[in-house]
Structures are given as C-alpha cells and as structure tokens.
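Below: one protein chain in two forms, given as structure tokens, structure 1 then structure 2.
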Structure 1
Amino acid sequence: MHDIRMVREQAAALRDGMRRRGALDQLEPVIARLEALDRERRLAIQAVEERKAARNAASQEVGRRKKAGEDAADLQAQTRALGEEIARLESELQSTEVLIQQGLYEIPNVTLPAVPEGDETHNAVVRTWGTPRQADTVKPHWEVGEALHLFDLPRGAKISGSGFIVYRGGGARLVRALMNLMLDLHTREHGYEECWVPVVVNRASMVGTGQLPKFEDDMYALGDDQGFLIPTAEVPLTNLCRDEILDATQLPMAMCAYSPCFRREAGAAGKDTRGLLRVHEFDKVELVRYCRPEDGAAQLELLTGHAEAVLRILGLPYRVVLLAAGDTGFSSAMTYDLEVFAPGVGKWLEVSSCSIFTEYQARRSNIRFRAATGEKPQHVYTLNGSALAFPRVIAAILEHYQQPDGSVIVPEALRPYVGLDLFQ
C-alpha cells in the first residue's frame, strides 16, 4: 500500500508507475479520487482544529465569567454547538479516511527502474542454466505419471473436483522427498529459520500481503469471515511480525515454510489445465525475508539464488526471467520468474516467482524496524520466493528424466529421501 503522501507529493511518479504497468487508464479515476479525498481530509482536519480552538477559548471565557459571577449561558450554548459540529466533522473525517484507505488498496506497487516497461512480451531472460532436453519421443508427464501410478487425477477430481490431485505410492514419496530436500537445503545451507504455519489466516493477514481486497474471488474463503485457506505460505510468514517494531540487529530476517496452497484462480479457466500444470491445491516451500531498505536489491539476488539452487541440485534446466512492469504482480516492485523446461509439453514452466515488495506489504502489515535507539521506526522491505512449487517441478522431473521404456530416473539428490533410484 502506498502512503497518501505519495498521492499528494509524488503524483507524477505514481502515474508514471501505473503507465509503465499499462494500468494508468484504469487507475487514473482512482488516483484523481484520492487526490480529491486528500484535499477534503486536510480541509476537514483544519476545520476540526479551528472549532476545537474556538471551543477551548469559549470554555475559558465561561470559566472566567463564572468566577466573576457573570452570566455564561450564551457561551455554554456555543460550546455545546461547537462540540456537536466537531463530532459531525470528525465522523465525516473518519468516513473520508476509510475511503482513502480503500482507494490506496486499489493501486499496485510502483515497479523499480530496472524493471522493463510494458506487458509480458517485454519480459527479459537474464540467464539460463543447463541444456533443455529435446522433445523427440518424450511423453507428457500426465501420461507417464499415471502409467507409473504416481498420481491419480480422475480420483482426485472425483473426491474434490477438477484441479485436485491424489499422489500415490512413489508419487506421494516424491512429494514428501521434495519437501524434505528443500527444507533441509534452505535451513542448513541458506540460513533460513524453518516455520510450520497455519493454513488458515484471517482477513487482516490477507490484506497485509495484498491478496485482499483485490483478489478475493481467487481465494478459498471459509464463510462468515472466519478466515481463508492460504494461497501461499508467504501470507502467514510475512504476517508473523505484523504490527511489530523490530530491532535493526534482527535484520535481515529469513524464514521458510512448507505448506499446501489453495487457489481458485477464477480468471484462469481453460488455461494449462492438463496434468499438474494448473491446480487448485498444491504443495510448496516458501522463502520470506525482511531487510533494511538499502539492502533490498542484494537481498533479492540472494533469495533468487537460493531458489535457483534447488533446480541445479535437481539437475533441471531452467532460465531466470525478469518480468516487465505489466506482468509484475500487484504488490511486487520487481520479480524474477524461474522457469524450468518440460520437454513432454514443450514449454517453459514457471516454478518460482522471487519478488521484492519494497515497503508496500510492510506498510499494509505495519512491520517496522528501529535503526538505532531513539530513532523513528521505518518500514522494512519484504521479499519472498517459491523454492519451489512442487507440481511443475514433478512434471519437469517426469519429462526430463523419462527413459525410453517409460521409467523415470529419480534425481540423485532425491534418492535418499525417496528410497528409489528409478520409478518403474
């Protein structure tokens, strides 16, 4: 969320940020409305202060008259009238501030200067690793996975609906192996604190990370405002320090968690629906970092490198893509997507988005730090990244390591966890 001062003092930069995203036409009415509401708010504050000053002066005069034995009925009536007017103005001011808050929630983050302008056609590949396998006779993962009894898509749909998966036998062990490998790597080698977080969060948590109110239709709500199933462990991890002031010595802070993730993805109907490519419930290990503002750029590169390390360990060819402004997520200021190549479907599949949110989420969540004793608290920068999301990683493994006889080699790093060298 932006500070209203940005609307007031840096409106040109805000509009340019929305233009770079390709969203200015849509958001211009919101920005203009916020400018008008801010003017109303400041006038209302001035009016309240003037009337409070007048009431105080009148109250002092009432006291003087009473001491002097003089009649003060007219001034008492005036103070009552001023009090009623102040109450009315403060009520209107409160309503205006609610409207300002709602308007600020509608405006996405401003992307950093390094982010290319434009839509997804302006995304830039910044580096690659490994050599993608030629498609030749590679079968898509849904065929080989079902043939090897690793997962059961029809029964997943039967018991829960389309977009839900039942992993069975070696497939279930593969899911557990990916969780353990990623958590062990990130905690033992990359310095993250492992957390086990709730999969149900309250509305304040979803607002804090930017899922609400913008994307409420894509979320699984429990009804009667009882909470939401998390779309990612980013939500509980980022909100761990909501409404807190951290000491500078605690930064950078690094946390990771495994969780199931739940997304309706209402706007994605009919897109990449085969196999494991787009599902409503999936497993993921998430990385979240807090840092000082001046460390943000370095922390993004560090976090992205941690996510890349998983793909290198698994031996999966991948590329790192810097997203253009129009393809960057609502709350993000800059995002690298990690895409792994799946030869059976002939596509690069996104398996991670590593993002820096500057102070956008921290302002919504009120996460601050004090640089030194006596200094004014300032907002932390938040970052997160999937490291990694399981379904597309599984798809890539089944296609990249597929053998002519239909078996699939288990990546060496996973063998101690899976207990197998080969799915057959």
Structure 2
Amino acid sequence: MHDIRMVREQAAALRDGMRRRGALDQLEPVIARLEALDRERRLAIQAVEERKAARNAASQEVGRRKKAGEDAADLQAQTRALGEEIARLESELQSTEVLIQQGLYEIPNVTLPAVPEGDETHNAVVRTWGTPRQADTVKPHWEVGEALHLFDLPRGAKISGSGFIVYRGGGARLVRALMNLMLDLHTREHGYEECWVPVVVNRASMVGTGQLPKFEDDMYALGDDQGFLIPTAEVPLTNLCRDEILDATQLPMAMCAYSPCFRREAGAAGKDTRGLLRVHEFDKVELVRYCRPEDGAAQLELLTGHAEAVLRILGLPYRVVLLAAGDTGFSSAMTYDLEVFAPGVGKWLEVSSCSIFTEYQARRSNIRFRAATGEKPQHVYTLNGSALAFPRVIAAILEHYQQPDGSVIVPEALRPYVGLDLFQ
C-alpha cells in the first residue's frame, strides 16, 4: 500500500510508475479521486479537531465550576451539542478515509528504475546456467512419476480433489529430501534463521502481505473468519514483526521456512495444469528478508543468488528472468523469476519468484526500524523468494535426469537425503 502522502507529494512519480506498468489509463481515475479525497479528508480533520478542542476546553470549565459549586448547565448543553456535531463530522471523515484506503489498495507498487517498461514481452533473461537437455525422447514427468510409483494423481483426486497429490515411496522421500536439502543450505550456508510457522493465519496477516482484500477468491478461508490457509510461508514470515519497531542492529534480518502452500487457483483451470505443474496444495521453502532501504537493491541480488544456489546444487539448467513492469506482481517493485527447463514438457517452469517490495508491504504491515537512537522510526524494505517450490523442481528432476529405460537418476546432492541413487 502506498502512503496517501505519496499521492499528494509525488503524484508525478506515481503516475509515471503506473504508466510503466501500462496501467495508467486504468488507474488515473483512482489517482485523481484520491487527490480530491485527500483534500477533503484534511479539511474534515481540521473541522473535527477544532470542535474537539472546544469541547475539551468547555468540559474542563464544567469541571472547574462544579468543583467550585457553581452551575454549569448552560455549558453542558452547549458541549452536548458540540458532541453531536463531532459525531456527525467524524462519521463523514471515516467514510472519506475508507474510500481513501480502498483507492490506495487498488494502486500497485512503483517499480524500480532497473525494471523494463511495458508488458511481459519486455521481460528480460538476465542470465542462464547449464544447458537445457534436448526434449526429443524425454517423457513428461507425470508419466514417469506414475510409472515409478513416485506419486499418485488419481488417488490424490479421490481423497481430496483434482490438484492434490499423494506422493508415495521414493517420491515421498524426495519431498522430505528436498525440504531438508533446502533448509540445510539456507541455514548453514546463507545465514537464514530456520522457522517453523503455522499454516493458518488470521485476517490481519493476510492483509499485511497483500493477499487480502484483493485476492480473497484465491485463498482457502476456514469459515466464520477463523483464519486462512497460507498461500505461501511469506505470509507468516513477513508478518513476524508486524506492528514492531526493530533496532537497526537487527537488520538485515533473514528467515526461512518450509511450509505447505494452499491456493484455490480460481480461474486457472486448463492452463499448464497437468501433472505437478499447478496444484492446490504444494510444498515450498521460502526466504524472507527485512533490510534498510539503502541496502534494498543489493539484498535482492543476494536473495536471488540464494535461490539460484539450490538449482545449481541440483544441477538443473535454469534462467533468471527480470520481469517487466507490467508483469511484476502487484506489491513488488522488482522481481526476478527463476525458470528451470523441463525437457519432457518442453518448457521453462517458474520455480521461484524473488521480489523486493520496498516499503509497500512494510507500510501495510507496519514493520519499522529505528536507524539510531532518537531518530524517527521508518519502514523496512521487505523481500522474499521461493527457494524453491517443490512440485516443479520434482517435475524438472524427473525429466532432466530421466534415462532411456524410464529410470531417473537422483541428483548427487540429494542422494544422502533420499537414500537412493536411482528411481526405478
């Protein structure tokens, strides 16, 4: 969420940011309306506070008179009338503020200067690693996975619904192995604190990271506002310090967690949904960082590197794509997607999205730090990235490491965790 002051004081930059996303035409009415509402709000505040000051003074005078044994009925009546006026003005002010908030919720973050303008056709591959395998004879992962009894899609659909997977035997071991490999790497080599978080969070947390109110349809709600299943561990991790003021010495802060992730994927039916490519419940290790604003750019590179390290260790060819402004997520200011090549389906699969949110999320979730004693608190920058999402990594492993006889070589780094050299 932006600050209403951004609209007031940096309207030109805001409009330019929307233009770069290709969203200015759509958002111009919202911005213009916010500018008017902001003026309205400030006038209303002045009107209310003026009357409150008068009421406070009069009330004190009532107290003084009563103590002195004098009559104060006239002042009391006058103050009662003031109180009614305040109530009326305040409800007007409140509806203005609700409208302002609704407007602000509709405006995405402004992307950083390094982000290309325009839609996804302007996405830029910034580097590639490894050599994608020729696709000719490789079977798609769903065929080889079922054949090797690594996962069971029909029975997943039977017990839960389509888009839910039962991993079995070596496949189940593989999931557990990926979790341990990734957590070990990030905690031992990359300096993240390992966290184990609840997968149910409250509404405030979902609002804090921006899933609500805009994307409620895509979330699993538990009913009667008893909570939501997390769509990613980003939600609990980023909200860890919600409504807190951190000490500068705590930054940068780095947390990682494994969690299952729950997504309704409403409206996504039919597209890239075969096998493990798009499911309602999947597993992921997530990285989250808080940092000082001036460190933001470097921290994004660092975090992206941490996610890439997983793919290198697994020996999976990948590319890093800098998303153009129009393809960058709503809250993000800059995003690198990591795409791994899956020769069986002949596609690059997105296995990670590493983003910096500048202070957009931190304002919403009220995460601040104090640079030095006596200084005003300011918002931290938040970052996060998957490192990595399991199902597509599994898909890539089953295709990249597939042998002509249908068996699959276990990547070397995973062998101690899986306890096998070969799935056959």
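No experiment lies behind these values; they were computed from the predicted model shown. Quick note, the numbers are simply positions in structure 1, starting from 1. In this text, rigid core is short for the largest set of C-alphas that superpose within 1.5 Å between two forms.
- The form predicted alone is represented by structure 1; structure 2 is the other form.
- Candidate list Arg80, Gln94, Gly118, Lys347; rigid-part hinge between the two structures assigned to Gln94.
- Domain rotation between the two structures, with the chain taken as two rigid parts and C-alpha atoms superposed, amounts to 23 degrees for the smaller part.
- We note a C-alpha movement of 9.0 Å at Gln60 between the two structures, with the rigid core held in register.
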